[in-house]
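Coming up is one lone chain in structure tokens, specifically the form predicted on its own.
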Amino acid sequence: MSSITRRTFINTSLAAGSAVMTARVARGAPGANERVRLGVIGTGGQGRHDIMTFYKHDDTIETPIICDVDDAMIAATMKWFESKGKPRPEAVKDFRGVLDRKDVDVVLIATPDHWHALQTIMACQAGKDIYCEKPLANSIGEGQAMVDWIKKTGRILQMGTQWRLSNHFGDAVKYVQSGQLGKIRLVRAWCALAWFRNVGKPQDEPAPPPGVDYDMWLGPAPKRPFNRGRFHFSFRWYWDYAGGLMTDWGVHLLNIALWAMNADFPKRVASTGGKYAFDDHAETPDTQQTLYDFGDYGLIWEHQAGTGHGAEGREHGVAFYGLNGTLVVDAGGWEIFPEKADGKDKIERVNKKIAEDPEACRVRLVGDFLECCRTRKQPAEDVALGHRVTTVAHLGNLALRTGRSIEYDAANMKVIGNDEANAMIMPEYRKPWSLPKA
């Protein structure tokens, strides 16, 4: 699109980028029929799914370049473009090749969590808007750095958690906020995932598979021998790269809980859990319970891997327990279970099953992002919201890993009286990578 592409001749000069951005906004937003040129960083399963979703807006999207460290992922993505009759994009293994392109307006970041912060910040420096997969970052400190750089450069960032634009989740949130449930004393969010697989105990290998740039895959993470158990999808279950189900699914469901309760950060956090189900190499807990104290109500996060029967008889969901009744919502709809007084229901019983295509939420989220790139308005899941919910999830892991109940000083981004937890607020990057300060 012409207004955005005029800005992309700026590479990493922040001062010049800021001046051009200001002038661009003053000239007005581009028209709805102008094209968006998408650069993709990370073309694994989630990245390809996101590309497909972007192309639901086919009249406005083109992709000049994609990036992945694995030739196999690039080949699979090229096959998709060919199957849809789309031009083959250029392919690179170094993400900086995407950010250097003058014909890229926005970037999709669908890499492992430990890469999100640095790639987002460098995209800001290059004058790109960013659609970043959840969770926002692999640590609280990295998330705050992303917030600072988005603010400094005026970029647009949407975090990819689609339920923020789900109609029925929005309706359930409105009901909670209406006060009809009465005083809410407890909120529960959970997932029980029967499909969760054991990663096994594969041995380290002397070299990565052909076509994989493993050193680039590691990036700022500690140097380790290549191990298939830690690679691609399974990276989620190792602390170097991610936060396990606490951040992977927790960011989705805690987001709904915090949204409905207008919540910021908890006063205290405690967590327990471990490797109770699987005897494998994965590090993050397959079973975990985290208790958040928000002062006048509690919030419980719970996950279990390898079984599908969770709280309220559902695989996943969020429940709000009020004095007048309980509201339970998941991807399939929402229900209200009234409390009784004198034999009568205190509130109306509700059972709203939803037939909405789950992909419709993703399409709306991407559409919202593209519109915000044009208008410069803040998207539905902007960087501040993404940082808040990701921080709440990380606090659960800090409490678990230190074995202590923690109090978080959000203003100073510190855990009170817990040096071990504070050491995990910001990871140490492996040289030569470093996180620029805003």
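Residues carry their position along the shown sequence, with the first being 1. Remember, predicted model here, so these are calculated numbers, not experimental data.
Form predicted in complex with a small molecule: not shown, discussed below.
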Do all of T43, Q119 and H232 end up near the small molecule in the predicted bound form, with near meaning a heavy atom within 4.5 Å?
yes
Which pick from H252, R155, R314, H168 sits with a heavy atom within 4.5 Å of the small molecule in the predicted bound form?
H252
Going by heavy atom distances of 4.5 angstroms or less, which of A110, A192, A263, V173 would be at the interface with the small molecule in the predicted bound form?
A110
Name the stretch: of 129-137, 323-331, 343-351, 272-280, exactly one has residues whose heavy atoms fall within 4.5 Å of the small molecule in the predicted bound form.
129-137
Would you check, heavy atoms only and a 4.5 Å threshold, whether L38 touches the small molecule in the predicted bound form?
no
Though only this chain appears here, would V389 touch the small molecule in the predicted bound form if you measure heavy atom gaps against 4.5 Å?
no
Quick one: is M216 in contact with the small molecule in the predicted bound form, heavy atoms, 4.5 Å cut-off?
yes
Answer yes if any heavy atom of D70 is within 4.5 Å of a heavy atom of the small molecule in the predicted bound form; otherwise answer no.
yes
